[in-house]
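Okay, here we've got a single chain as structure tokens, the form predicted alone, with questions on binding and movement later.
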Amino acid sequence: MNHQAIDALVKSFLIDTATGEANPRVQQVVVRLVGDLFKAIEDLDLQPSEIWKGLEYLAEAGASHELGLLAPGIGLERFIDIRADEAEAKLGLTGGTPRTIEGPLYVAGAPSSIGFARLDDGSESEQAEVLFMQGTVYDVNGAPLPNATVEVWHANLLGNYSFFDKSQPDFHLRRTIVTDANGRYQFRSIVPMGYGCPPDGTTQRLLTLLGRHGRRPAHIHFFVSAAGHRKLTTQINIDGDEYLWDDFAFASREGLVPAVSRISDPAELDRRQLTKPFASIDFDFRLYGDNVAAPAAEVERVRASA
């Protein structure tokens, strides 16, 4: 069957059979996607067993809550970011902190504080490297933004996130920091570890069939927002990680790999009440102002809430 005949067939299935008022956008999207699917089946000569195995795979991925992991793994989430970057660039929005993927592990409602927060509860202090990260939230013209909101979350030394890992306390390694009068934020935590997809999960199963690994470098997630500005979704990667530029989720970007300083000065350790050297990261965020012509920066999707 040629593509023209497939388009006519899809129209007969999805448009001509309508007996009520259709949602034009839903109809447009479904007709396009089903048409493209049918053409792929025809062009690739997919057999019935292959088609049903594909449907079974998607059902299993949904039941195991891995679709949010599969999306970055096949590059879908990165592709969404690329389109958003292009749309902003066309409007002259340049010079801001690069965006990158949110991932599936944000939890709303983390405790809030002004200027400073401690993310970890000390349970991994013996094995972990203490981290202090600090910086300023600016607009793209370099003006500090007081009362900006910096939401931060990351994994523990096992690569697990609180809420999803029930062995961790609520909001462990998650906080919301409101910048001070100078637009500054700072937090104390631990240097996170990289991690991989669940080895027996649906995402890793597909990656293996594609000849790909499912590893992520150590990283820290952020939502940064301020009144009158576009919300930023981003993350920084920990320099030196083996998978720094080989992230299965395609989230590594230039400008998001800040230098990590190791501080061992006795006076500085004493000031911070520490007995061993710690890591320090300086990182500033730069936000674009609101622009009604730009696509929405706030993505509507289902997120966890503790």
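Keep in mind the model is a prediction, meaning the values are calculated, not measured. Residue numbers here begin at 1 and follow the sequence given.
Here the subject shifts to the form predicted together with a small molecule, a form of this protein not shown in this document.
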**Q.** Partner-contacting position among 174, 229, 99, 219 - heavy atom within 4.5 Å of the small molecule in the model of the complex
**A.** 219
**Q.** Residue (of 105, 130, 145, 150) lying close to the small molecule in the model of the complex, criterion heavy atoms within 4.5 Å
**A.** 105
Q: Report whether all of 161, 195 and 249 sit within 4.5 Å of the small molecule in the model of the complex, measuring from non-hydrogen atoms.
A: yes
Q: Report whether the minimum heavy atom distance between residue 72 and the small molecule in the model of the complex is within 4.5 Å.
A: yes
Q. Based on heavy atom distances of at most 4.5 Å to the small molecule in the model of the complex, which listed stretch, 238-246, 254-262, 64-72, 35-43, is the contact stretch?
A. 64-72
